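Next up is one chain by itself, shown in structure tokens, the form predicted alone.
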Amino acid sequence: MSILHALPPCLLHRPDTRAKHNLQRVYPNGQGSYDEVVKNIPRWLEQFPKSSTKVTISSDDIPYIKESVLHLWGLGIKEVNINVVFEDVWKPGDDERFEDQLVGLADEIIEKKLYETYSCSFFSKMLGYPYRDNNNWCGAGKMLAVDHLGNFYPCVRFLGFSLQNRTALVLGNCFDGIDRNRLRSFLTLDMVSQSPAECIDCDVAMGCAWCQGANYDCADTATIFQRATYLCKMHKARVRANNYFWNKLGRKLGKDLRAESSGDGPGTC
């Protein structure tokens, strides 16, 4: 049985999201890559059937969010990990449009019982509580990136092509090894050391992410200890939609799903 034949009818023949993909994923000649990527997904899933995908949303992508998630599920990808960008790209009203998209997605998931088979990280039981620990969100410094010259970087976001305002931050190279003094600051990072008071004391802080590379690029000085908070309104919109999802699904199933710490209810949709 082919992947497409195994899918529920509600995920087939979604409105075309080719335009969404081709907003950024283009070849040097300007041609979009959607058709080539989609053509190879069945082979990828055949070889790696438990694979997931990662989606990053910016302002121009907001109108496509609901259909993009449903479309990815319709291609046979059961787990969609998704987040918004950390940079200063958001326009007035984006948070409201974002929430509308997530509420619409929640309604379709619940109506079609898609939560039984598919997952999307936009909806999580652990989202929207005060901070319970002081860990660092980002893994920069523990997931090295290497360029063609053999230079080591804290992650790919610290290479020159990922930065707009700062120079690349090199931790060493494959000939001389890692400079432990340069690495030390990354190993000491935690939430409190880089967050303003409004983030530390926020009632819905759980699940609000940050990127060390974006922090470095957006900071007033060349530091990794100044948290970029441009996604604040977007995170709060996600929390509202997340509450809507779990409350509505809980009423349908007759359970208080947010009160379940583990076990019989979906932990992440």
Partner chain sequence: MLKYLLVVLSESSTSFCHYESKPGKGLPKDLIPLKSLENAVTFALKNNLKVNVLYPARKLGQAYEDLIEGVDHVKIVPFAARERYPEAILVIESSDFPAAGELRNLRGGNIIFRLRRPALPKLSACLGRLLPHAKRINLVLTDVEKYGPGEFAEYRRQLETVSARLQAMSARKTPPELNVLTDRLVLGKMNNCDAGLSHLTVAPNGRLYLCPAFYYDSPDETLGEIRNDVPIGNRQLLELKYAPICRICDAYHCKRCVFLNRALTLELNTPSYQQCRLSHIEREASRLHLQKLKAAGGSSAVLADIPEIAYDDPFDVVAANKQSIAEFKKL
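Residue numbers count along the first chain shown, from 1. It should be emphasised that the depicted structure is a prediction, and the values quoted were computed from it without experimental measurement.
If you look for the form predicted in complex with the partner chain, you will not find it shown, but the lines that follow are about it.
Contact with the partner chain, judged by heavy atoms within 4.5 Å in the model of the complex, is confined among 174-182, 107-115, 83-91, 69-77 to 174-182.
Contact check at 4.5 Å (heavy atoms) against the partner chain in the model of the complex: none of Ser121, Trp210 and Asn247 pass. The partner chain is not drawn, but in the model of the complex it has no heavy atom within 4.5 Å of Cys232. Mapping the unseen interface onto this chain, Met143 falls outside it, with no heavy atom inside 4.5 Å of the partner chain in the model of the complex. Proximity of Leu149 to the partner chain in the model of the complex falls outside the 4.5 Å heavy atom cutoff.
The partner chain in the model of the complex comes within 4.5 Å of no heavy atom belonging to Ala237.
The partner is absent here; in the model of the complex, the one residue of Val26, Val204, Ile41, Ile200 having a heavy atom within 4.5 Å of the partner chain is Ile200. Note on the partner interface in the model of the complex: the residue among Ser58, Asn243, Ser51, Gln226 having a heavy atom within 4.5 angstroms of the partner chain is Gln226. For the stretch 140-173, the set of residues having any non-hydrogen atom within 4.5 angstroms of the partner chain in the model of the complex comprises only Leu169.
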